[in-house]
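Next comes just one chain, in structure tokens: the form predicted alone.
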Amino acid sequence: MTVDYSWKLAARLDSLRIRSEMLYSVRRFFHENDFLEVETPLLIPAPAPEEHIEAVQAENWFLQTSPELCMKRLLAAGYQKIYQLCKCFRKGERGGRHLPEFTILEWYRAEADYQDLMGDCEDIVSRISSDLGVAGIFSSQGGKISLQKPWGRITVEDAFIRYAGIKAAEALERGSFEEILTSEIEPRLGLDMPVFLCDYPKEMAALARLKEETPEVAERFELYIDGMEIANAFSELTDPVEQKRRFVEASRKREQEGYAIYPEPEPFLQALSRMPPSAGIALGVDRLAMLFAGRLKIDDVVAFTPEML
């Protein structure tokens, strides 16, 4: 029996209007700050072999899980500041905050690091708030989350000790890092103001540059608002030999856990040595729309979910 979803589509009109205005504000921000908007292919021969992200296969190629490999090749070709709004695809991801097809905002800066991207996040989200005519972001608790700058910052190590009573290295050894992060730490982050969770263990940052003064951690952060991850960013690794070693290690772990093994992204590795010191970030557009629209489910800020097709 065919189900009529017209009532659901009608109920999402206000949220989709907010989403549309949000995207207009994003493009205005990047245009005014001299970023070039680019489009890279959705269908690629090889995604980055991340341990717990499964790509959707399309014949002998894959739908992108992120546009990062192609965007970094543009940096290596001399592009300075670029951004992209696009669709990404991840197999098996479905829940209140997850869709197998989702919209991402990704941007890169040459001659920059992850600290610069923290400032970008503050400016972009505050600009959206201003353009929408709202004082802050809606909280799931019924109030507003302040966007007054500077936002909070906490290292991964400090967060594990403060909220879980365990060191990050110990959690990694036990194999419980992700479980503790998602169940005990994430729900406590960004409840009053946005928070940058930064300096991840090197084992959790396959494409990131390590900190010179403390090489056991990487220059990576995730942005949390109202207990929800909104963005993932890092200073880029530009050493092709080290990057290949990390890809091999990630592929080995994927094989051990029964995940598909991808071809090596050789054009990306060849270009990497020409890439300048850079930083890049991926921000979840659907999740940010949830916050500005005051919605608790990702379903409410997209026109169609997979179940409606």
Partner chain sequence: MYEASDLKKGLRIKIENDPYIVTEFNFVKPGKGQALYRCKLKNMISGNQFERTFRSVDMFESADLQEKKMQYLYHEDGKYCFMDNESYEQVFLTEDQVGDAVNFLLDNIEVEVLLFENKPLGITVPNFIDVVVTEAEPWARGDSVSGNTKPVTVQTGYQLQVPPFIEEGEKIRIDTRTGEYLTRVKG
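From a predicted model like this one, the values you see are computed outputs, not experimental measurements. Positions refer to the first chain, counted from 1.
The form predicted together with the partner chain exists for this protein as well; it is not shown, and the discussion that follows is about that form.
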Counting only heavy atoms and a 4.5 Å cutoff, which of 136-144, 113-121, 96-104, 157-165 contacts the partner chain in the predicted complex? 96-104
Which of 61, 259, 30, 262 has a heavy atom within 4.5 Å of the partner chain in the predicted complex? 259
Identify, from the list 178, 239, 170, 216, the residue with a heavy atom within 4.5 Å of the partner chain in the predicted complex. 178
Is residue 209 close enough to the partner chain in the predicted complex to count, meaning some heavy atom within 4.5 Å? no
Given that the partner is absent here, does residue 13 sit within 4.5 Å of the partner chain in the predicted complex, heavy atoms only? yes
Residue 229 within 4.5 Å of the partner chain in the predicted complex, heavy atoms: yes
4.5 angstroms heavy atom contact with the partner chain in the predicted complex for residue 183: yes
At 4.5 Å, heavy atom to heavy atom, what parts of 45-61 sit next to the partner chain in the predicted complex? List them in sequence order, or say none. 50, 52, 53
